[in-house]
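One chain follows as structure tokens, the form predicted alone.
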Amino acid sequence: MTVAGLIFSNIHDGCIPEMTRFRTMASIPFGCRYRLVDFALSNMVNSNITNIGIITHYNYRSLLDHIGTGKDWDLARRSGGIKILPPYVTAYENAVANRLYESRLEAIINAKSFVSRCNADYVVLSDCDVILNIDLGKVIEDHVNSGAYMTIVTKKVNTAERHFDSNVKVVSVGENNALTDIASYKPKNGVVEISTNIMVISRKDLEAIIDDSVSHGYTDFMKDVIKRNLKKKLIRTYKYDGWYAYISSLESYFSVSMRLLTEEAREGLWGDRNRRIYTKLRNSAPTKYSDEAKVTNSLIADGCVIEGTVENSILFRGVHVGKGAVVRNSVLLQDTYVGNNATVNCTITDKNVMIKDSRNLSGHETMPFFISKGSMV
């Protein structure tokens, strides 16, 4: 049995425009040294899926730079490996497959060539804005044994503990984990079961979906594929009970990043040594701490220079915190420079930001202050 993977890199770019202005959702930095795509890629590689296509739309230069040949995920291979799938447009056809996609189903249609040529028995579909460490091998095994048409990975969440910034796919499940209904809305109270947008389907069925969608002009995967087949075919759910996060806005990016400072999150994502999260390697010098540096409850990548105080924060590679500076409850991306005696609180800085001496910047947990890439404050 062979399995291929498809990852959607641009599907939800509009949810967090502040950080996707110059990059895809897939290449948003996360957790000191990772990009969001690393979690989907690592989940597949750890489950022996080594033929992976990443569907792109636009702004994918940083994604190409991050992935390179795929060697950091052991995907630099003669057979299979990793493939970037940009939109395929010609001057001679008018089909859906011949224009820039706007939905998940249209993205799959654009990837028809990859699907038909991968020669896999099954295909795993995954978004890159869900953060989890899952054993996809168990999901695939469950799907094969059940004989289902499609299997959707779901997660039970308590809305009292988690705020949803945008619509999510809420599911209803019947006997034998059969999907009975699915709807997209913002859950407001109670415990709900939601789709993680990770799905398993046979390659032949996926090819049939593509052909049927093109011939009928279908564009919505949930309405035109899942709901149309609910009563005709067996669509099952696979309940995931591990650590899970979903990024749907700048506020949720900040909130999820702050959750990484808890032991539960770090254990849930990086605790299993058999399922590591891989990323692009860089040979950086260790972080330098001066005698005056004070660091508490923070994640700090290599290559940083800390001369001030850092509390409850996440610092990416190459961040400099000057003398007398205080950084609290913030996420500072690569090569951010915080000047002497500056104060930064509830702030997200993009790459290559300079905060001058004695500046005082503060947002709030529910509305973090964001500084765009390359800015000087």
Partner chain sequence: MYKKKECVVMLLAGGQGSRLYALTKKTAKPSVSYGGKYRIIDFPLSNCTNSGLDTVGVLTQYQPLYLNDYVGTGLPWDLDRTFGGVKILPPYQRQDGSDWYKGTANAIWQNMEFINQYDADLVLVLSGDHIYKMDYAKMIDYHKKTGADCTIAVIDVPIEEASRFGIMSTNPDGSIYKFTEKPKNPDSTKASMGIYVFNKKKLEEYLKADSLDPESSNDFGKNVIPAMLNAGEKMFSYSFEGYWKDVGTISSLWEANMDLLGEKPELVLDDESWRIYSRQSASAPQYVGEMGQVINSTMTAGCEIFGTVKNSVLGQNVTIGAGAIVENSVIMDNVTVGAGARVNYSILDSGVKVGCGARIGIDGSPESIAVIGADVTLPDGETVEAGSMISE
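Residue numbers count along the first chain shown, from 1. Quantities reported herein were computed from a predicted structural model and do not represent experimental measurements.
From this point on, the text means the form predicted in complex with its partner chain, which you will not see here.
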Joint contact, 175, 179 and 183 to its partner chain in the predicted bound form, by non-hydrogen atom at 4.5 Å = no
key: Contact residue in the predicted bound form, from 293, 208, 222, 214 (heavy atom within 4.5 Å of its partner chain)   = 293
query = Among 282, 239, 117, 169, which has at least one heavy atom within 4.5 Å of its partner chain in the predicted bound form?
reply = 282
query = Looking at 107 to 115, 246 to 254, 296 to 304, 194 to 202, which one sits within 4.5 Å of its partner chain in the predicted bound form if you count heavy atoms only?
reply = 296 to 304
Residue 34, heavy atom within 4.5 angstroms of its partner chain in the predicted bound form = yes
ask   = Can you check whether residue 286 is within 4.5 Å of its partner chain in the predicted bound form, heavy atom basis?
value = yes
ask   = Is there a heavy atom of residue 277 no more than 4.5 Å from a heavy atom of its partner chain in the predicted bound form?
value = yes
Touches its partner chain in the predicted bound form: residue 230 (any heavy atom, 4.5 Å) = no
